[in-house]
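Just the one chain here, laid out as structure tokens, in the form predicted on its own.
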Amino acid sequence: MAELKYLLFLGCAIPYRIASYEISSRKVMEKLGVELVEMPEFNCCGLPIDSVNHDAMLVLAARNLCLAEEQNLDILTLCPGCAGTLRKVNKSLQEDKKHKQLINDYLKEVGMEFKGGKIKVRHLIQALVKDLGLEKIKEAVVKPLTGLKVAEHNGCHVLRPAKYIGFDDPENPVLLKKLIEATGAECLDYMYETDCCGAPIIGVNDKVPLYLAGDKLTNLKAVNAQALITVCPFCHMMFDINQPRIERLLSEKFGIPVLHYPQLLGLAMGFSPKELALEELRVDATKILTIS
């Protein structure tokens, strides 16, 4: 029997664009004794339309929360944007009874009611650190990645706003670094670690985010990072899928592999690169396999 059990919320981007994140997460969580239950008929978390229609965002998020309440299971998300949105709505509707009633009036049309207070929402790294614990993760490591020097990129939504996320310091985050170090790899410090990857504005201006991501890649290159570790599908796309575009824009060669954290952990747990879908990465990651 699994020690921990979550309702898995995949969101929109991961199943269609970043399947490697889902594949590697399922592998390592199963090995760690975590049962991931499929979330039936989930919808978008609501984040993309918040600036257009706030109440519509609340209804979308609340419907997902209702699905979890029906199964009496906490939600596990891989996307920080989804995690932040669901956590924020879960908390804000519990605190604002008037708004909760308004949203429930909409939900009544599909036979649902948000009760609140029954379930929690976890992002992957929060579940790993807070629920499983670093010691259990270290115990699962059979091939320590000693000799590998990597850097981390938390992304914005996994840290902010602290009022709703609240499990790491947004100005000086340490949890992802500790998770990286649990694999035996060294996590390097670099300039402007907490800066945004630029992804949120790529639909408005595609040059600015490429320059922002390029600045981070430049800083990573300066400390000789052999890979970048991410926990967000959109950050991953910026640094991995868009890295060739950034190289052309800046007339610079980076060639820095970008791994999802569960891919890094999976390698340390003894999974093969194929099992972790490393071949789906745009920037070739096979060169790091000979370092550790």
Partner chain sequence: MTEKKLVTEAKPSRAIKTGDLDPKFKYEISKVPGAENIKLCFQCGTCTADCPIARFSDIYRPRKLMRMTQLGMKDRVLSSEALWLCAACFTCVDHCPQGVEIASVLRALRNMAVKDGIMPAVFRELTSNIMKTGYAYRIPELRLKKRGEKGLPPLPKANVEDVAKLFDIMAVSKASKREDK
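Predicted model, so just to flag it, every value in this text is computed and none were measured. Positions refer to the first chain, counted from 1.
Missing here is the form predicted in complex with its partner chain; even so, the following discussion is about that form.
- Stretch 203 to 211 is the contacting one of 180 to 188, 135 to 143, 203 to 211, 119 to 127, since its residues have non-hydrogen atoms within 4.5 Å of its partner chain in the predicted complex.
- With the partner omitted here, the residue from His99, Lys221, Lys91, Lys149 that has a non-hydrogen atom within 4.5 angstroms of its partner chain in the predicted complex is His99.
- For the options Leu281, Ala268, Leu10, Leu276, the one in contact with its partner chain in the predicted complex, meaning a heavy atom within 4.5 Å, is Leu10.
- Residue contact with its partner chain in the predicted complex: Leu65 places no heavy atom within 4.5 Å of it.
- The shortest heavy atom separation between Lys163 and its partner chain in the predicted complex is within 4.5 Å.
- Contact check for Pro173: every heavy atom lies farther than 4.5 Å from its partner chain in the predicted complex.
- Taking the partner from elsewhere, His157 is found to have a heavy atom lying within 4.5 Å of its partner chain in the predicted complex.
- Using a 4.5 Å heavy atom cutoff, Tyr16, Asn43 and Ala56 all lie near its partner chain in the predicted complex.
- Residues Glu38, Met39, Pro40, Glu41, Phe42, Asn43, Cys44, Pro48, Ile49, Asp50, Ser51 are the members of 31 to 51 with a non-hydrogen atom no more than 4.5 angstroms from its partner chain in the predicted complex.
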